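In the block that follows, a single chain appears as structure tokens, in the form predicted on its own.
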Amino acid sequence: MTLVHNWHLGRRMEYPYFESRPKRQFAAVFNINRCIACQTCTMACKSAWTYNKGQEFMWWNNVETKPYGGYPQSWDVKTLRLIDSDNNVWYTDDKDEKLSPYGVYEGDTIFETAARKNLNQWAVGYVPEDKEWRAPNFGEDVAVSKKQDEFSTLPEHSRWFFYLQRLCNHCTYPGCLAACPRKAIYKRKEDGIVLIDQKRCRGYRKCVEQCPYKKPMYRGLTRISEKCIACYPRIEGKDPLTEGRPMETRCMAACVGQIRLQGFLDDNPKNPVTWLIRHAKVALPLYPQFGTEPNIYYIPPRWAPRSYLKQMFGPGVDEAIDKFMVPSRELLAVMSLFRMTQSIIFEYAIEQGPKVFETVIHGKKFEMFNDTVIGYGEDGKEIVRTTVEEPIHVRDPKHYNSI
């Protein structure tokens, strides 16, 4: 084991390989508050990558209902039990904007738990039973309900559920990569995408066992494991639609609810993904206590109990929800870029517009300005331009296709 820095945990932790970060990391932000669970993203991925024999139960992208849903079933609950999550503590007094933006996590990660318990493996984990993979929409729309006749009101609903969108997190410290005895799993230096070399894989399923998110999947027909490849031909700009520009993945581009923004996490504060995650801190990692430093981030749902959300997204939940409910002028503009183009946005700029609305939300003054936000590609050229207020087009009453 070596010591590496995990900025989600705010401290160094044990990992079997040395720290090695790509110049820019494949990442995405999902706004849970907008998701309608239409599963368009799921089917876009399925039709592109997992439609062959032996892949029937492979869903690299899935949308599950929390708290009772999951694919495979109970994947998160079982992993939390393995790391003794009841004893995990976050210290939030000493924060550092770069090294420990959420505070310091004092519990054990999946890697440290395995070492503490002398398990003779790199991380704790388990291999799900076949029956746990049978239903990707298990528990869909099943809500927590205390009283059937009780009305639900914000900020926290008494009856609640929300949709969690999931794909491989392409972690900075992947559990699957650490676990593979064949060293068949690698993380690309150019963009941080985690892939399985299927020529080296022998189907030992250690990756399935020790990935806490259960995103590597075993294919019995070929006896090797497969996983999300982040649509890397699109990321490399090989799709003719964008004329050589890096392009969003299939699941991102197909999103009907406009909840997804995919790009790269880097050091540019005007990169919309970087700004939402590192500067606005409105988007949070999924189960940071697992220790893998996942690179898919979520804007938490504002109606769910905060205690549940803090277990899932860490101690930054209150700040993230407060900022989302009463968004700043810049946040409102950046969020207008969600799903505005299939090309990856590397930088944004805002042209200020007039004030169009004013109100009070939860005791705080909110002003809405019809700013114009511009997205630029990797080459610095403008690829999208949109306004905060969606334009209204009034059709001429005299048109030929009316009845």
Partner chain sequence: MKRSYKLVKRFGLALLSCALLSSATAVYAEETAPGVKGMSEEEFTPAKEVLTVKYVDVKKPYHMDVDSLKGSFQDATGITVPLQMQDKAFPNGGGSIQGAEVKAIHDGITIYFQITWNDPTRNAQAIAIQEYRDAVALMFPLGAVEITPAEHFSPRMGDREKPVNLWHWKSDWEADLLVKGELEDVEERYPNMHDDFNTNPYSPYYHRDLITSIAVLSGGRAADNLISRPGRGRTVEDLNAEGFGTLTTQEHQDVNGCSKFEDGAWTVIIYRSLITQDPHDVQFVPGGKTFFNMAVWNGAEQDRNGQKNISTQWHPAVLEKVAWQ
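Positions refer to the first chain, counted from 1. These numbers were taken from a predicted model, which means no experiment stands behind them.
Separately, the form predicted in complex with the partner chain exists; it is not shown, and the next lines address it.
With the partner removed from view, the residue among Pro233, Pro269, Gly244, Pro181 that has a non-hydrogen atom within 4.5 Å of the partner chain in the predicted complex turns out to be Pro181.
Residue Val127 is the only one of Val256, Val77, Val127, Met325 with a heavy atom lying within 4.5 Å of the partner chain in the predicted complex. For a residue to qualify, one of its non-hydrogen atoms must sit within 4.5 Å of the partner chain in the predicted complex; all three of Trp49, Glu56 and Ile224 qualify. Although the partner is absent here, His170 lies well away from the partner chain in the predicted complex, with no heavy atom inside 4.5 Å. At a distance threshold of 4.5 angstroms between non-hydrogen atoms, Tyr204 is in contact with the partner chain in the predicted complex. Of the heavy atoms in Phe138, none are within 4.5 Å of the partner chain in the predicted complex.
Remark: Pro305 does not count among the residues lining the partner chain in the predicted complex, judged by a heavy atom distance of 4.5 Å or less.
Exactly one of the stretches 208 to 216, 261 to 269, 278 to 286, 328 to 336 approaches the partner chain in the predicted complex with heavy atoms within 4.5 Å, and it is 208 to 216. Residues from 187 to 201 that approach the partner chain in the predicted complex with a non-hydrogen atom closer than or equal to 4.5 Å are Gln198, Lys199, Arg200, Cys201, in the order they occur in the chain.
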